[in-house]
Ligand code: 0O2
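In the block that follows, a single chain appears as structure tokens, in the form predicted alone.
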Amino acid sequence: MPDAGDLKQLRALTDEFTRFMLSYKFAVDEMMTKINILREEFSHRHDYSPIEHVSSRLKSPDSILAKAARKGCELTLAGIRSDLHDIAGIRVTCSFISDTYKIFDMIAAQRDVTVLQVRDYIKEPKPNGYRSLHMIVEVPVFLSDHVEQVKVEIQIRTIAMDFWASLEHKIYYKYNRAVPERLLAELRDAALAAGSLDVRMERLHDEVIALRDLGGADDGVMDARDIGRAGVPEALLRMLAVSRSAE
């Protein structure tokens, strides 16, 4: 049975690691708030939001330890904080390729967000076909007794890129990374097809946007945010007036 001194040291180490992980949790919360504000503001100012979906995650302690060992970094909290940039992660999914760069620009423009690293796997995909826009940012976390700068990895990709990456991850997991060459070749082909789909869908979207000023039939749906702002058809106003006079 461990003695009182060992138990005290264990509690202190556990508390230190808990505070370490909480700093990353708070950094994710901070960035998620910023991204969701941008998402809502953009949707009010424009006809659509460039952000379809946002998710976040924190690496597990086992995953942190395994990656630190693979990278050969110093196995201390300071060493891990310095060398591991993806303990906290956020994934932003967009409809179109141009939207990924819009989101990047909006995040980078935040005054208290420092962009440390950018890897553009959209313009230069990985050999296996992986495409995404990665940025490592540093954001201040205001704790009770000090301010801590914490790194967050943000991945920005289209729906097609995200679908491909999710499938690729599942395949690598099932095969314990020893994926047969036949499947690797099919994944590369699928990545090309997804890239082609992204380009075609954005071209169609641009054509629709160019035609929006020409008007068209009402699609029968009203956005709840337009209640009180959208005009009321004259025929409906006449009907309400007749109904009121008959009361």
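Residue indices: 1-based, along the sequence shown. All of these numbers come straight from a predicted model, not from anything done at the bench.
FYI, the form predicted in complex with this ligand isn't displayed, but the following is about it.
Asker: Can you check whether residue 57 is within 4.5 Å of this ligand in the model of the complex, heavy atom basis?
Answerer: Residue 57 belongs to the contact set for this ligand.
Asker: Using a 4.5 Å heavy atom cut-off, state whether residue 130 contacts this ligand in the model of the complex.
Answerer: Contact check for residue 130: yes, within 4.5 Å of this ligand in the model of the complex.
Asker: Does any heavy atom of residue 53 come within 4.5 Å of a heavy atom of this ligand in the model of the complex?
Answerer: Close contact is absent here: in the model of the complex, residue 53 is far from this ligand, nothing within 4.5 Å, heavy atoms only.
Asker: If we define contact as a non-hydrogen atom of the residue within 4.5 angstroms of the partner, is residue 67 a contact of this ligand in the model of the complex?
Answerer: Output for residue 67 is yes: heavy atoms within 4.5 Å of this ligand.
Asker: Going by heavy atom distances of 4.5 angstroms or less, which of 122, 150, 165, 80 would be at the interface with this ligand in the model of the complex?
Answerer: Only one option qualifies, and that one is 165.
Asker: Do all of 30, 39 and 111 end up near this ligand in the model of the complex, with near meaning a heavy atom within 4.5 Å?
Answerer: Heavy-atom distance to this ligand in the model of the complex: none of the three under 4.5 Å.
Asker: Choose from 98 to 106, 140 to 148, 72 to 80, 114 to 122 the stretch whose residues reach within 4.5 Å of this ligand in the model of the complex, heavy atoms counted.
Answerer: Stretch with heavy atoms near the partner: 114 to 122.
Asker: Need the contact residues for 64 to 101: heavy atom within 4.5 Å of this ligand in the model of the complex, sequence order, or none if there are none.
Answerer: 67, 71, 85, 86, 91 sit within 4.5 Å of the partner.
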